[in-house]
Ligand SMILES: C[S@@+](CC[C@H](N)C(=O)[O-])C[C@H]1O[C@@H](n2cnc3c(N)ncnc32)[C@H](O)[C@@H]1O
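Presented as structure tokens, the chain that follows is alone, the form predicted alone.
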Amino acid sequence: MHFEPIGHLESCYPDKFGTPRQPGLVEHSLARLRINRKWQPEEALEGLAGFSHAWVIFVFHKNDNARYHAKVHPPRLQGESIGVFATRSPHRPNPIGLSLVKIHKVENGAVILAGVDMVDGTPVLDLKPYLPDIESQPEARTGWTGSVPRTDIEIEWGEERLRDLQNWSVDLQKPSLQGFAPTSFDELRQLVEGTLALDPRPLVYRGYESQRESKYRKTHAVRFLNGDVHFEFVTDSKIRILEIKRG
């Protein structure tokens, strides 16, 4: 079997670290999918704007795990393992992803998608409209995911960091970023807070927040578009923003 991408994503997440593990978790995470010219995008996209959501079939192109494991360790299981086909893990026999995302806009041979969980440069194999009257299953069971508790995480900025965020939001209004960058201070803040509140840290880094000494580093950074947000976990439910580096 041979598949050729219909296009590649320009995403607000340049790196794997920090990119949400599921779609729809961060409302203001945007990406632009430019359809390759050979697929006649203006005609191929006709009618898509009438739908609110779409399935994106893509490739985990940054998946560097060469070995197959029948059981994996989803972060939400806190170290326990479960069968790979009972998860959304990117480490699969075929590195193919499937995400249901919101159609924000269709314009100029491209689609702006919201609520994405895909990194910049992701090859997209196909795009299909979501049909709620056929695909929505209100009585569907959620398996092991329904019993996993979620911790609400508070984000502490400080006045100086909020000023940095305001300056950054102005810088993001460059023509090259228009379409998949936040258009205001509030949208940028929601993107950052929504992403960090998912706790992007690997499992081994968790549980040492209250300890002064730890064998693991306690500060981290997530990249958004052209900037890095550095932060630390003060407790397991509170993040402090330390620095914003742009450029």
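All values derive from a computational prediction rather than experimental measurement. All residue numbers refer to positions in the sequence shown, first residue = 1.
The same protein also has a form predicted together with this ligand, omitted here; what follows describes it.
**Q** For the three residues Thr19, Gln22 and Val119, which mark the spot I'm curious about, does each lie within 4.5 Å of this ligand in the predicted bound form through at least one heavy atom?
**A** Each of the three qualifies.
**Q** Looking at heavy atoms inside 4.5 Å, which stretch does this ligand contact in the predicted bound form, given the options 187-195, 174-182, 22-30, 40-48?
**A** Contact criterion met by 22-30 only.
**Q** Please tell me whether any heavy atom belonging to Ser99 falls inside 4.5 Å of a heavy atom of this ligand, as the geometry stands in the predicted bound form.
**A** Result yes; Ser99 sits at the interface with this ligand in the predicted bound form.
**Q** Using a 4.5 angstroms cut-off on non-hydrogen atoms, would Pro90 count as touching this ligand in the predicted bound form?
**A** Result yes; Pro90 sits at the interface with this ligand in the predicted bound form.
**Q** Tell me, yes or no, whether His69 is in contact with this ligand in the predicted bound form, where a contact means a heavy atom of each within 4.5 Å.
**A** Result no; His69 lies far from this ligand in the predicted bound form.
**Q** Contact with this ligand in the predicted bound form for Arg206, defined as at least one heavy atom pair within 4.5 Å: yes or no?
**A** No, Arg206 sits far enough from this ligand in the predicted bound form that none of its heavy atoms falls within 4.5 Å.
**Q** Report the residue, out of Asn63, Asn36, Ser52, Thr219, that has at least one non-hydrogen atom within 4.5 angstroms of this ligand in the predicted bound form.
**A** Contact check passes for Asn63.
**Q** Residue by residue through 224-247, tell me which have a non-hydrogen atom within 4.5 angstroms of this ligand in the predicted bound form.
**A** Counting only heavy atoms within 4.5 Å of this ligand in the predicted bound form, no residue of 224-247 makes contact.
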